[in-house]
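Here's a solo chain for you in structure tokens, the form predicted alone.
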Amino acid sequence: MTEQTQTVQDELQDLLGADDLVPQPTMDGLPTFWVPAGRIREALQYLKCRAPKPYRMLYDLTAIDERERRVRKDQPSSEFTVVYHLLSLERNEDVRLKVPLRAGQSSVPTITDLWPAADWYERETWDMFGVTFAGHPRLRRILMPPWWQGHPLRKDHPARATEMPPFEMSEERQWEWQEMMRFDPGQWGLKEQEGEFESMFINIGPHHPGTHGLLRIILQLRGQEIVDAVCDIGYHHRGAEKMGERQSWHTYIPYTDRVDYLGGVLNNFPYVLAVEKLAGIDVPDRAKVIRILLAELFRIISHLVFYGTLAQDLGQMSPVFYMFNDRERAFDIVEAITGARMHPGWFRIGGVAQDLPAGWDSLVREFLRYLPRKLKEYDRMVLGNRTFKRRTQGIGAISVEEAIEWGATGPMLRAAGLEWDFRKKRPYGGYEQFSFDIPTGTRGDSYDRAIVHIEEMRQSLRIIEQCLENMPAGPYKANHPLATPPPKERTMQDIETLITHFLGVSWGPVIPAGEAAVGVEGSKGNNTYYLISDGGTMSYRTRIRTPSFPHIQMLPMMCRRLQVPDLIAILGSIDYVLADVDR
């Protein structure tokens, strides 16, 4: 037991007693405890409000359907499990609390009064698993449409359309479903008239250039002023977590690229790290540096999209064309190394797909000479533009305390003034070997969020330069039996090794039973994969914690008392991807 685990366990035992606290060892070493449903609020309230150096951030909240799971050593019996993941920035520590729900038990108390971020997480858990949260003000569908039958992440829910009857859309059903989509202000606690003032409700989206995809925002207006907003998400939901539970450990890697589809291998990174932790695989040094090289290239690629589209949202047309041209230059390097551009799916369990090609260094060196002077040019063109400043400074400002309450991470949190970056605070994958700075803002407004993104590109260039100058020799993949694809040295020597290799390629590795969560600093914030293995060739539970989900949930709080054009500036500055919201 680590000192961290012992400390928080002692605190919780003093509060709950030994009978109501059951520790669980996990492969990620994260302190994990089982707490009865009747005492979970008490435990969470203590950890957030009364514990020394409290766990102030609700990092994630999800559930597990345990009914088909075979390996559950040292765990209380349950049909469903609710999982709370808390983060203490002061301790730089996490804690995971689990609530067992046995047969006939399907409810836990809401914590929306403790964390505002719990609203969407609890709605998602009910939507996907059918677990109810007593006292939740609006427990309704969030990712699935209101007419959906069943709870998709339950093990007995179909995973493919071929397992369902043929879809039919009668005219009667069409009108019924359209009526279900009609917005009723009363259902959201909004009043159409207060005194002599009558509110107007308008839709922004789901088809609107300012929403950068299918996002519907219902605004309550009093004249030009935004009184409140309701976000309607789920239009991009494709069942990414469900797919993770029917693909082999290896074949799921390309699916991760499609979550934050601007982040490329930054999506592969937390997934393969979590699988490697479950399998006990040590990655060679060369593979680590190659991964970091590609990850920082994709951070720049994603930030260039953010920079250009934010300027475009606010009326500047030229910057987006210049920055997309720079993005294509970066894609040329990605293509030369991986063979693909936006979605290379190139990381592997144990390393990367192949070694660096001849000439990769000259391409990277040329990019390092080219981009810094272009960023200086864009600073004058965009950041120095008076209209851009007037549209963004003081707009959508959040404090550090508000950012933590809502689960904000990445540039959103750093723009508010807190220097917090997984690459520095919890170095993973070799980042402890690199020198770089963490840009922060002071006001947490839309302008500061732009500043932080732009300075992060410069720091990524520093990291890429260090990769270029210090690329180690050695293998690009671990020589481990569970690495995928498996090593081929003895493949053609005898039938036994040929069969082993064939099974490793076709079925993929058999990962030991256990669970692990690994988070990385994605381009938009902290991205975590929480994986549970039941000792098979597929994940039993794949949970994807994305940064865009809590960030979009903050939107109503950020835009109240502002005007509609300010909403567009805020949306552009958040830097979200809707597939990252909906998964």
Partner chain sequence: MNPILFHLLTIVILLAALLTVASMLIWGERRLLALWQDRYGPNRVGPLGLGQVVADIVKILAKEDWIPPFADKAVFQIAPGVILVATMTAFAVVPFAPGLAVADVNVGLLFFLAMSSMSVYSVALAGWSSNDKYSLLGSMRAISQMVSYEVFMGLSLMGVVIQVGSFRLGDIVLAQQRLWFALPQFLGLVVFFIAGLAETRRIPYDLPEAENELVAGYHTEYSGMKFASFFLGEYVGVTLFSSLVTTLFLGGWLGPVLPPLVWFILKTVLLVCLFILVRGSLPRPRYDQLMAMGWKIMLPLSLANLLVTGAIVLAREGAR
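Note that the structure is predicted; figures quoted are calculated from it, not measured. Residue numbers count along the first chain shown, from 1.
Note that the form predicted in complex with its partner chain isn't included here; everything after this is about it.
Partner contact region in the predicted complex: 322 to 330, out of 110 to 118, 322 to 330, 354 to 362, 164 to 172, criterion any non-hydrogen atom within 4.5 Å of its partner chain. Although the partner is absent here, P512 is not a contact residue: none of its heavy atoms lies within 4.5 angstroms of its partner chain in the predicted complex. In the predicted complex, none of the heavy atoms of L12 sits within 4.5 Å of a heavy atom of its partner chain. In the predicted complex, at least one heavy atom of M317 sits within 4.5 Å of its partner chain. Under a 4.5 angstroms non-hydrogen atom cutoff, its partner chain in the predicted complex has P209 among its neighbouring residues. Put simply, of Q466, Q312, Q75, T132 only one has a heavy atom within 4.5 Å of its partner chain in the predicted complex, and it is Q312.
This chain is displayed alone, yet in the predicted complex one of Q105, T387, S506, Q178 has a heavy atom within 4.5 Å of its partner chain; that residue is T387. Residue Q224 is the sole member of 223 to 257 found to place a heavy atom within 4.5 Å of its partner chain in the predicted complex.
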